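A single chain comes next, written as structure tokens; it is the form predicted on its own.
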């Protein structure tokens, strides 16, 4: 059987523990070819995000372009990164870091996205797991970007599941709601992987210890340390996680959807984002597209988004374990 050509991916990220989990899954999976990493503010400052992306790729001897992107939201005042969730350094407060020598690509993240999409039209999937400022700015730079990218997959938002920064909003969308609304209303092939499914998949700390013990490599040791910090936060927040420490691997599911979409059940609808007020950051899906609502902002002209609503959690965890225990690390 012929091996499928790996999907070329630009990874737009704010690492972040779950971002690091997702990155290493992507680098380990043979069906994914990460051609660039664009960083943004979110879990940490954009400067720390870029530092972490460079560090994580250096640990596994991968030479992947890393860019620094937007540092603040479009309109709202930027907040303070949640160091109680990811650590002040985004990786669980590492006690030390091994020396590395890789450097940033000088382009902005938005310009990098546009450049690669123009160079390889129809080939690039963009997986965005942080606030969406880089993607929305790239859209401003190149209005034809939806035709140039093969697909966009977003980890963010929620439809039925309660939010994690308000009763109705997920953090990535809430961090830059104006940028998010611009992304959801652009005409690309767009999939949303939100809290409706990410809160159904718990990755146990014991698995990351198993991965670290198996590889005995600085990269998986670093990941195990970061996940331990992250799991402590979630175990204090959710009683069902306190019994068996673990965490929600939010960003990981965007890549699992990319390589194995059959693990998800989908619903399709147009999505708008509330940009202010008590519902700021809410992702609102029109499930009745046949109705001509009197409220402005809806209508037949809006593009459709595929939304992950249910997930095969055991299938996701089995794929994660198989991929991460494979022989993917350079020594």
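As the structure is a computational prediction, the values presented were derived from the model and not from experiment. Residue numbers count along the first chain shown, from 1.
This next part talks about the form predicted in complex with beta-D-ribofuranose, which is not shown.
Participant: Only one of 113, 180, 253, 129 gets a heavy atom within 4.5 Å of beta-D-ribofuranose in the model of the complex. Which one?
Facilitator: It is 129 that has a heavy atom within 4.5 Å of the partner.
Participant: Using a 4.5 Å cut on heavy atoms, which of 139, 159, 241, 171 is close to beta-D-ribofuranose in the model of the complex?
Facilitator: The option sitting close enough to the partner is 171.
Participant: Taking heavy atoms and a 4.5 Å cut-off, does residue 43 contact beta-D-ribofuranose in the model of the complex?
Facilitator: Residue 43: contacts beta-D-ribofuranose in the model of the complex.
Participant: Check residue 164 for me: does it contact beta-D-ribofuranose in the model of the complex (non-hydrogen atoms, 4.5 angstroms)?
Facilitator: Flag for residue 164 set to yes.
Participant: Indicate whether residue 195 is a 4.5 Å heavy atom neighbour of beta-D-ribofuranose in the model of the complex.
Facilitator: Yes, contact at 4.5 Å.
Participant: Tell me, yes or no, whether residue 155 is in contact with beta-D-ribofuranose in the model of the complex, where a contact means a heavy atom of each within 4.5 Å.
Facilitator: Judged by the heavy-atom cut-off of 4.5 Å, residue 155 is in contact with beta-D-ribofuranose in the model of the complex.
Participant: Looking at 213-221, 244-252, 95-103, 115-123, which one sits within 4.5 Å of beta-D-ribofuranose in the model of the complex if you count heavy atoms only?
Facilitator: So the stretch in question is 244-252.
Participant: Since the partner is left out here, which residues of 10-25 would have a heavy atom within 4.5 Å of beta-D-ribofuranose in the model of the complex?
Facilitator: Heavy-atom contacts to beta-D-ribofuranose in the model of the complex: 14, 18, 19.
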